[in-house]
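In structure tokens, the next block holds one chain alone, the form predicted on its own.
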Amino acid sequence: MSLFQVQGLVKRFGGLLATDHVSLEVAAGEIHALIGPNGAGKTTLVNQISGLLQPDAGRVLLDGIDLTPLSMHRRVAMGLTRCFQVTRIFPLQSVRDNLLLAVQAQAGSSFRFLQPRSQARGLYAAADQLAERVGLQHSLDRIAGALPHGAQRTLDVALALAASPKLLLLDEPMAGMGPDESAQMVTLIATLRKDMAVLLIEHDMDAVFRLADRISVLVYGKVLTVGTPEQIRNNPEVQAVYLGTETLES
């Protein structure tokens, strides 16, 4: 059985059927991309997966457990973590303090009260390890809001990784990045598959084709097709959907 499953998700807004019985699967260690033109229903689908919206029908399962009735924070505790399109960091705090807050939240501890020195050392070590994992080890003392955009996005990913997710939901991680920053993010995402599955929602088709093991194409709230990057690149229906809005060449 796949690590993650979406089964027949339906979401209506009045007379608009935003997601129309959407189903998809993500295997353990897989990077699965979700693409589609503007208005395809990607945001609505992602909001249902993360728990921001409740579906009118269908289920969301992770590791065989039905997450559908759970809140966002309960889904995080169960192993499903999301990075949003808009970076969510503490901009006035240092990179280290951002990471410490994320680490201590997962450890169930607090810096407000006295605690054993060994526990504090453990939290600092975990924060430093996160920084090194994403390439921010030389920016620990910098104020997060003063970082370049790409580094802020990288910090956002690091905060999500603090939860040790089974599935990481990346919502347009390359948005607003220049070519060099995008290349660095692609490299980072590629390293994640050894520890978790990734569901990637992204408009940067070059990044999608470089990273994805499989791609689901969403059109008008429905999954048009699922395939490998090569199959999707050469699919006439997909080419027609993207004609004039996206390029499918890598």
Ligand SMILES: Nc1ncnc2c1ncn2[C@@H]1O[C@H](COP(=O)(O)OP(=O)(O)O)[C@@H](O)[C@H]1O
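Start at 1 with the first residue shown and count on from there. None of these values were measured; they are calculated from a predicted model.
Keep in mind the form predicted together with the named molecule is missing from the figure; the text below concerns it.
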| query | finding |
| --- | --- |
| Distance check, residue 44 to the named molecule in the predicted complex, heavy atom within 4.5 Å | yes |
| In the predicted complex, residue 54 touching the named molecule (heavy atom, 4.5 Å) | no |
| Touches the named molecule in the predicted complex: residue 38 (any heavy atom, 4.5 Å) | yes |
| Contact label in the predicted complex: residue 18 to the named molecule, heavy atom within 4.5 Å | yes |
| Stretch in contact, per heavy atom within 4.5 angstroms of the named molecule in the predicted complex, of 60 to 68, 30 to 38, 189 to 197, 204 to 212 | 30 to 38 |
